[in-house]
Ligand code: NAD
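In structure tokens, one chain follows: the form predicted on its own.
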Amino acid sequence: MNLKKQAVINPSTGETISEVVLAGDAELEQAITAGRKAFDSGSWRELSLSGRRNYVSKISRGILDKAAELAQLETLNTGKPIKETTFMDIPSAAKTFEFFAAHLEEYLKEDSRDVSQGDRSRLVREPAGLVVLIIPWNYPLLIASWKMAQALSAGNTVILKPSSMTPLSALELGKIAQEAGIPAGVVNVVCGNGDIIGEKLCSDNRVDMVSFTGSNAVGKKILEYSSRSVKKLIMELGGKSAGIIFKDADFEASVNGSLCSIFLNQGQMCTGMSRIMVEESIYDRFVEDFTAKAKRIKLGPGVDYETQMGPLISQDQRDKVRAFVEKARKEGAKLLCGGKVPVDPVLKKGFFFEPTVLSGAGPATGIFNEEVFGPVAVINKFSSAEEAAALANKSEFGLAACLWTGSSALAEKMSRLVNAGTIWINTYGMFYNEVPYGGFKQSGFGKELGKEGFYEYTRLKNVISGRFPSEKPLVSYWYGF
């Protein structure tokens, strides 16, 4: 068998760390057939809720048992600092499986209602079926865990398709599921270029649902592919999120929080606050402090515990980010720091890019409107709450926003005015399994996490029955022959 392989690169060094076998037509057919069979006629469908809960809990424990190994693997494959993978990504992934295992019976409890004419309705939550989970490269294990934990807890079978650039932790997650004893065909992992295998996965009529996190360009392709055999979709797409800092905010907290909101994970976040709006009376002070601290962020290989910011995912991604910055400067933006590849010889072979701060890039510039997906912050000023909201909303995206203010009334007002699916107030970036996450406008539709996110992976069936079998319903007299 002549299987195609692809090199997996460490972005910190540019070196190959592994090779992954790419799925072809035969492997895709095998995965779809296995997932379909496991859902339609396998033991998974008939398993009790408590039995399902035990399997999902075992996956959580399996992640924790391999926490150090997974953190190292995620860092090597993505370049993100080992502190982030160790203390954020891996524990959060395990907690997601733990949470939905603990709540699946509560969430799947039937809702019975009396209706007119003595009938009773039972609203039953059933699994959607065979679900394709398409994962981006910026949070490979965590987002895979979000989707898989909900999908499995709801009773679905899954095909997990990680990014071809960052497949290693997803493959390990598949092994952990296998080691937990998940029945054959319930969890299937396929690796490959999305342009090649995405069309078949998303258009096949044996697939009931697609849950996608990634770019708008790819999302539009998935919408097209899925329309050939209508199926349910979750689309978590791009963002151009806004951080808004009012003069009454805790100044130090707002600066440090804003740094985190754009430079965490090298700015490769859909929720990155790449547009920072500052009230004009504190604008100069904020820009000075923010820029000074951005210059002190320590770049380095992801495996170094002193590293605060690692490399971008690839040479191509770095070239795109650099092009955005150069275009912004040509359009009149002022470069306050960064904007180039670092000269440190230790970083020479990796895909590093300096933390970058721009001012003077208003709503007419490309960088104000387009998702850069890199460590680039654009800082602008505003004079009123209404102007701040208008600037924040002047975007085709509506994923998230971050507000910094000492006034609860102002925070409440702004949370209503800003058109985004998640609003953080005096904090940033916390995702909770208890509550949903998802955006508006070009940022997509559907939710992840919380009861609402869990329900996305189910279908709702209405079962109506007569309450008194001895009494004939009205329909039995309609044609009274």
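When you see a residue number, it is the position in the sequence shown, counting from 1. No experiment lies behind these values; they were computed from the predicted model shown.
The same protein also has a form predicted together with the ligand, omitted here; what follows describes it.
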| query | Does every residue of 143, 162 and 218 put a non-hydrogen atom within 4.5 angstroms of the ligand in the predicted bound form? | reply | yes
| said: So, residue 373 and the ligand: in the predicted bound form, are they within 4.5 Å at any heavy atom pair? | reply: yes
| Looking in the predicted bound form, any heavy atom of residue 424 within 4.5 Å of the ligand? | no
| said: So in the predicted bound form, is the ligand close enough to residue 212 to count as touching (4.5 Å, heavy atoms)? | reply: yes
| query | Would residue 148 count as a contact of the ligand in the predicted bound form, using a 4.5 angstroms cut-off between non-hydrogen atoms? | reply | no
| message | Partner absent here, but in the predicted bound form, which of 74 to 82, 284 to 292, 195 to 203, 89 to 97 has residues with a heavy atom within 4.5 Å of the ligand? | response | 195 to 203
| message | To verify the annotation, which of these, 277, 309, 321, 270, has a non-hydrogen atom within 4.5 Å of the ligand in the predicted bound form? | response | 270
| remark: With the partner omitted here, the residue among 399, 152, 207, 259 that in the predicted bound form has a heavy atom within 4.5 Å of the ligand is 399
| remark: Near the ligand in the predicted bound form, with a heavy atom at 4.5 Å or closer, the residues from 285 to 316 are none
